[in-house]
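One chain comes next, on its own, written out as structure tokens in the form predicted alone.
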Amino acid sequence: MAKNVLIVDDESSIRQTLTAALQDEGYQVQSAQNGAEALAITEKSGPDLVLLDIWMPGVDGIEVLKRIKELRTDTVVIMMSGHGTIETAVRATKLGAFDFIEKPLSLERLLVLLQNARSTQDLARENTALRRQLQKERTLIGDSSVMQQARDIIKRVAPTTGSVLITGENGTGKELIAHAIHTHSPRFNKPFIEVNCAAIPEELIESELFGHEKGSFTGATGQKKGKFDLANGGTLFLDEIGDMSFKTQAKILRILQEQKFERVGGNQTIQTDVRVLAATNKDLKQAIKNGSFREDLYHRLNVIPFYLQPLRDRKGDTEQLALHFLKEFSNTHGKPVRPLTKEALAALNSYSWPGNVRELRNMIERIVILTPEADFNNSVLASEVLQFLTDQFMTESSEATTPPGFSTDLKTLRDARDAFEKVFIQKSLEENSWNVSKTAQTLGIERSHLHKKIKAYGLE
């Protein structure tokens, strides 16, 4: 797509020459003879690129540069001058100018500069779009009191530099919380680096975290920057911190205290500015008692404790999450988005979700992928949900005590569904103090229909 270029110069000959040359190169060109006119055009049409003369009557180029950057932060500005100084060029660069070119202009050099500016701008816009998409995908879903409290904590802790220790069961969304804290912090435009402490072998963890120098060990053929290097100025997320070795814990503690480290095999001390967020599903207090986790590191990490409750305790979030994942995966796999029926939602809310949000997400994706294309013409998802939950009951009941009224000796899928439905209805009746009308409303079925089910399953 052609880029829109604004030429700002008080000399008409320069404007005319550049306009003709750039139009021949496929650019869309506008021109302005002074700063005030340039600002009016920028505010109205927002050019992609600006060629801006420094010395002009009235508002000079430096002031115009500042105001263009206030109006359009992604507009790329190249400064032009016939008698510029190094000080002026440095000042312009600090104010956001992409580059500085001297008059008389070299058309060849100018075209190279414009091409580089276009590439830089495209990359910046692509990165911005990706960040927005990632932020959208990482939105915290749910209006339960738990999630409202989580958002409030994030809002309060994100602007600070305090270390945060995020705890909770597997699949609850601890990584999502870490991303949210980074996104709402002043470090948003700096790196967010993740390290899964459980996935890296103990003999490599120090190299991954701190980097190494050439020849520091067999296979170290060159210098490598570690995660603390890469996260400088930003955020380092240490996931599964409870699985980190005792030896590495000591080095992490030193970095948190002194904000400096050495690479493996190196002697140079490297200063770093990193905010550390950590997460674990383990009981670190028990690990301290067992001697597998340092108490001093625990207190250093646990400046701001953040416990994320399991999905079973976040009443109301299951439905919103299910609908969110249904839309996401329907779009991903090119299928129409179907609403969840009341029966399906009731079934989802009845399940304890031991795998938390991750299990719910996987279940919805599985349903979307495996449901035949023809079945997407109707709005019934209850059968698919019930089949999934029946499978879960079958698996769980074979490993633990069989739920009351639920036999594992079932011959057909219909037998399994009936068995699940019996347990499901009994549980709902118990939760509603055996009030049939209230239970029917909860399940989204007619009271008379529920009476028939109660009689058929001998639940009277």
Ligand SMILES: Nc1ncnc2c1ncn2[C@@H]1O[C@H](COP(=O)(O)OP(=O)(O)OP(=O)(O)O)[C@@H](O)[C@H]1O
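Residues carry their position along the shown sequence, with the first being 1. All figures in this text were calculated on a predicted structure; none of them were measured in a lab.
The discussion below concerns the form predicted together with this ligand, not included here.
For the three marked residues, 181, 276 and 306, no heavy atom of any sits within 4.5 Å of this ligand in the model of the complex. This chain lacks the partner; the member of 281, 161, 350, 292 within 4.5 angstroms of this ligand in the model of the complex by a non-hydrogen atom is 281. Checking 263, 227, 338, 174 for any heavy atom within 4.5 Å of this ligand in the model of the complex turns up a single hit: 174. Of the candidate stretches 184-192, 110-118, 268-276, 318-326, only 318-326 has residues whose heavy atoms lie within 4.5 Å of this ligand in the model of the complex. Taking non-hydrogen atoms only, residue 170 approaches this ligand to within 4.5 angstroms in the model of the complex. This ligand in the model of the complex is not approached by residue 206, whose heavy atoms all lie more than 4.5 angstroms from it. Though the partner is left out of this view, residue 300 does not reach within 4.5 Å of this ligand in the model of the complex, counting heavy atoms only. Within 4.5 Å of some heavy atom of this ligand in the model of the complex lies at least one heavy atom of residue 139. Although this ligand is not shown here, in the model of the complex the stretch 344-363 places heavy atoms of 357, 358, 361 within 4.5 Å of it, in sequence order.
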